[in-house]
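What follows is a single chain, given as structure tokens, in the form predicted on its own.
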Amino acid sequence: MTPSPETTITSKNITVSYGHITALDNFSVNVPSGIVGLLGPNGAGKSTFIKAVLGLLVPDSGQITIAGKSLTTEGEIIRDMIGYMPEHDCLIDTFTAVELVSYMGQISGMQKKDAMPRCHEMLDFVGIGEERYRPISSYSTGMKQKVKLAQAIVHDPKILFLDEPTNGMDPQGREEMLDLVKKIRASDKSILVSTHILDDLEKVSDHAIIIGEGRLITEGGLEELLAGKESLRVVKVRGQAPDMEKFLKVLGDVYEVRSITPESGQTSIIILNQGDGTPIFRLSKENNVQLRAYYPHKASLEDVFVGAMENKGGDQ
């Protein structure tokens, strides 16, 4: 597995065990730049991978490099390059947002005189106003998530780890958080996002990595993954009931039909077709139905995830 020039993190044959439980099993992956979604069911090894990359645990075997630097020998340099937004509620309730974010900036190596103005800049960025002077214990879940993001970026890291960034947020708060993630991406940072909300990842990610039972199941660019490996096509037709019934029977004789969905005034059909669409146009004309649309089927990230987990036994 050779990393590309844009690879930010390389994990090579990483194994991590907790007693008799193997959390990561000879795990190898290249994490590219951009926004990368890290997916997997509970217990898949996502959190263990993040902890290993952060240096919070030492793998039993294998090697991790970040931006070409070895985590084993250049850990201090790497820590300055990384920002981390944890999933759990780890904020100090008696602190104000100003106190906490500026303090985290100083822990990351900033001088106090530099940490304070940078703290205010980041709180402005995430949308924390005058409430920044109130104790964090008085904050809503959404405000706490924003403070966690602010402390992760206060020292201007090149690589960000966001663990369940929209956790506990209402729909509006989720959209605001996703907008912030996209804005951070525009500042030339690489972002690894671990979340169980696949719809969120589909909105922001450039790439996805799916883990199962401590092993890599599949990974790739989001556009490539959503396009799928099968030649699925969507056929939308309209016609009278007898004609539609005849058309669907003939279509099923020629193609593998994956689904038939009645819609308002028409029917949507997903078929497997590795050739061109000419026969579809001919069949619709011969059976007196109107072909309204014919185009490649695009899966959702949930479809990709479920399919990957169902097929993992045969891939390993």
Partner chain sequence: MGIDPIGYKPWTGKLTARHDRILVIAKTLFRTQLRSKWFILLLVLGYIGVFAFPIIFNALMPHTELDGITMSTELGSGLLFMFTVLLASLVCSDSISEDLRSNSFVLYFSRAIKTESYLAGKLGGIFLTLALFCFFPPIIMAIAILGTQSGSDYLPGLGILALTVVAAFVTTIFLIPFSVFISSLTKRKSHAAIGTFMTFMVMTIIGGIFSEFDANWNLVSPGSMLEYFYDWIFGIGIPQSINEGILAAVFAAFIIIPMALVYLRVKQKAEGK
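Positions refer to the first chain, counted from 1. All figures in this text were calculated on a predicted structure; none of them were measured in a lab.
If you look for the form predicted in complex with its partner chain, you will not find it shown, but the lines that follow are about it.
Colleague: Counting non-hydrogen atoms within 4.5 angstroms of its partner chain in the model of the complex, say which of R79, K144, K236, H207 makes the cut.
Modeller: Contact residue from the list: R79.
Colleague: Which of these residues, K203, R118, R215, K246, gets a heavy atom within 4.5 Å of its partner chain in the model of the complex?
Modeller: Only one listed residue qualifies here, and that residue is R118.
Colleague: Can you say which of 155 to 163, 237 to 245, 217 to 225, 195 to 203 gets within 4.5 Å of its partner chain in the model of the complex, counting heavy atoms only?
Modeller: Careful reading of the contacts points to 155 to 163.
Colleague: Since only the chain is shown here, I'm wondering whether K183 would be in contact with its partner chain in the model of the complex (any heavy atom pair within 4.5 Å).
Modeller: Contact with its partner chain, yes.
Colleague: Is I9 a contact residue for its partner chain in the model of the complex, using a 4.5 Å heavy atom cut-off?
Modeller: No, I9 is distant from the partner.
Colleague: Can any non-hydrogen atom of V98 be found within 4.5 angstroms of its partner chain in the model of the complex?
Modeller: Close contact is absent here: in the model of the complex, V98 is far from its partner chain, nothing within 4.5 Å, heavy atoms only.
Colleague: Can N13 be called a contact residue for its partner chain in the model of the complex at 4.5 Å between heavy atoms?
Modeller: N13: no, not in contact with its partner chain in the model of the complex.
Colleague: Let me know which residues along 84 to 99 have a heavy atom within 4.5 Å of its partner chain in the model of the complex, or say none if there are none.
Modeller: Contacts from 84 to 99: Y84, P86, D89, C90, L91, I92, D93, T94, F95, E99.
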